[in-house]
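Read the single chain below, which is given as C-alpha cells and is the form predicted alone.
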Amino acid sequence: MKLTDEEKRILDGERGEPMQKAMEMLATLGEIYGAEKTVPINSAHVAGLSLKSHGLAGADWAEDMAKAGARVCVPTTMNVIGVDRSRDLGLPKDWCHNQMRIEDAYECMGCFGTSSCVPYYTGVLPRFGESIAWSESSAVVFTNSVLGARDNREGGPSALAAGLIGRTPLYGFHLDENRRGDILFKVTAKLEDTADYGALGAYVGKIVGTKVPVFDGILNPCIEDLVYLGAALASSGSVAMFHAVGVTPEAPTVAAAFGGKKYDTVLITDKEIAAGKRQLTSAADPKVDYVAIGCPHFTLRQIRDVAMLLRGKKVHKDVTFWIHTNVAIKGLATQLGYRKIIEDAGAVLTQDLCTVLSIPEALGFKTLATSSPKMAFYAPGGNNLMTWYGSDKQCVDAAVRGYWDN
C-alpha cells in the first residue's frame, strides 16, 4: 500500500507511539486486503467495548493508550457497553467497575461516551458517498445500505486506529465494484412490523453469508424496519450491505442494484418469514423470566409505542423487563412522559447497554422474550438464554403474563 509522506512519518514514530501503533494496524490491513492507498474519513465508531470483548487485558491496554496521549482526530462514537451508567441493575460490582474503566479510557482518547449502536440517530449522520470507519455490524450495514456511506465491517481496534489517524485503507465497500448486488430476493410476503423484517433478515442472512442481497417488493418500510432488517442480515450472516429496490439510494431499479452482473432469484413468501421466526426461537418452555427489547437501540417512536402497550398494565412479579436505548433518546422519552409510563408498569428503560454485551444471566435469568433478531441470534450462545422471538406486542404481553403465547 502506498503511504503518503505524513503516513510514513507516523509509521516511523514521529507522532508518538499510539499513532505509530494505529498506522501499523491500518497499513497491515491495507496490505492484507490489497488496498492501494488510504482515504480520509469524517467519522469513526468503535465497537467491542464491553468487558466481554475487551477483558481485563483490554482494559489495561485502553488505559495505557489514553495515558500515552492517544487522541482521535475525527468525531468518534462508542458502541454499547455492558452496564447502565445511570442506575444499578444488580449486575456484579467488579463487572461494572472494570466496564467503566474501559469506558473512561476511550472517553479520555476523545471518543463521545454516548454508548450506542445507533449513533446515526444522535448527531453523527454520514453523507451519501462518504467514507467512514465504523464497527458494530448493524451500524455498518445501515450506513452502507440506507445512507449510502462507504464502510467495511471494521473491528473495534481498526475503527479506533482510523479515528486516531483520520484515514482508512481503500478496499472493500469503499470501492464501487464491491457494492453491487449478488442475489435477488423477490419479496411477496406481507411484512407488517420490525419482527417480520428481522425474520426476513435472519432467513436471508443465513443464505447469503458475506454476499450483497437485493430485495425487490419491500414496500414503504420505516427506518426502524430497515435497521432491524440489516441487523438480522449482519448477525445470521456477515452481510455489510443490502439493496432494497426503490428504497435504498443505490438501487432505484433492479438493474442499477446489480450494475450489469448476472444473478439468481429467490422467492420470499410468508412461509420463509415464518421459517425466519422459527430460526430465531430456541425456547420450548413458555414460561418467561426476562424480556429485553431494543437491539439495535430503540428510537423515540418505538419507545412511545411500547409505552402505549404498557399503559395501565403491570409487569409480572417474576419477570424483569428491560427496554434498551441510548442516553439521548432516553432523555427525550423522559421529557415526553413515556419513561414514566414504562417504569410505572414495572419495566426499565435502560441506557448504554445491550443484553448481548452484558451479563443478565448473572441475575439468574433462563428464558428471554425479545423482538430483536440480533438478540435472539446471540443470546443462546452468548448469554445462555433460551429465546422466544416475536413482535413488540408479543413481548409486552409476555412481560405482563409471565409466559409466551403463540
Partner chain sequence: MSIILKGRPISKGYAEGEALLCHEPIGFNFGMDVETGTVIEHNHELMNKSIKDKILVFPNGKGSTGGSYVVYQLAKSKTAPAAIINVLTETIIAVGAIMGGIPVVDKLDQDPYAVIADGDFVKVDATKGIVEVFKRGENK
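On a predicted model such as this, the values are computed, not experimentally measured, just so you know. Residue numbers count along the first chain shown, from 1.
Only in words, not in the display: the form predicted in complex with its partner chain, which the text now covers.
S.K.: Please check if residue 356 has a heavy atom lying within 4.5 Å of any heavy atom of its partner chain in the predicted bound form.
M.R.: Yes, residue 356 sits close enough to its partner chain in the predicted bound form that at least one of its heavy atoms falls within 4.5 Å.
S.K.: Taking its partner chain as it sits in the predicted bound form, is residue 145 in contact with it (heavy atom to heavy atom, 4.5 Å or less)?
M.R.: Contact check for residue 145: no, nothing within 4.5 Å of its partner chain in the predicted bound form.
S.K.: Check residue 364 for me: does it contact its partner chain in the predicted bound form (non-hydrogen atoms, 4.5 angstroms)?
M.R.: Contact with its partner chain, no.
S.K.: Indicate whether its partner chain has at least one heavy atom within 4.5 Å of a heavy atom of residue 52 in the predicted bound form.
M.R.: Yes, residue 52 lies within 4.5 Å of its partner chain in the predicted bound form.
S.K.: Would you mind picking out the stretch of 340-348, 35-43, 58-66, 364-372 that comes within 4.5 angstroms of its partner chain in the predicted bound form, counting non-hydrogen atoms?
M.R.: One stretch meets the cut-off, namely 58-66.
S.K.: State the residue from 210, 253, 335, 86 whose non-hydrogen atoms include one within 4.5 Å of its partner chain in the predicted bound form.
M.R.: Checked against the cut-off, the match is 210.
S.K.: Could you spot which one of 122, 238, 178, 98 gets a heavy atom to within 4.5 Å of its partner chain in the predicted bound form?
M.R.: Spelling it out, the residue with a heavy atom inside the cut-off is 238.
S.K.: Counting only non-hydrogen atoms and a 4.5 Å threshold, tell me whether 29, 153 and 157 all contact its partner chain in the predicted bound form.
M.R.: Heavy-atom distance to its partner chain in the predicted bound form: all three under 4.5 Å.
S.K.: Which residues in 378-394 have a heavy atom within 4.5 Å of its partner chain in the predicted bound form?
M.R.: 378, 380, 381, 382, 386, in sequence order.
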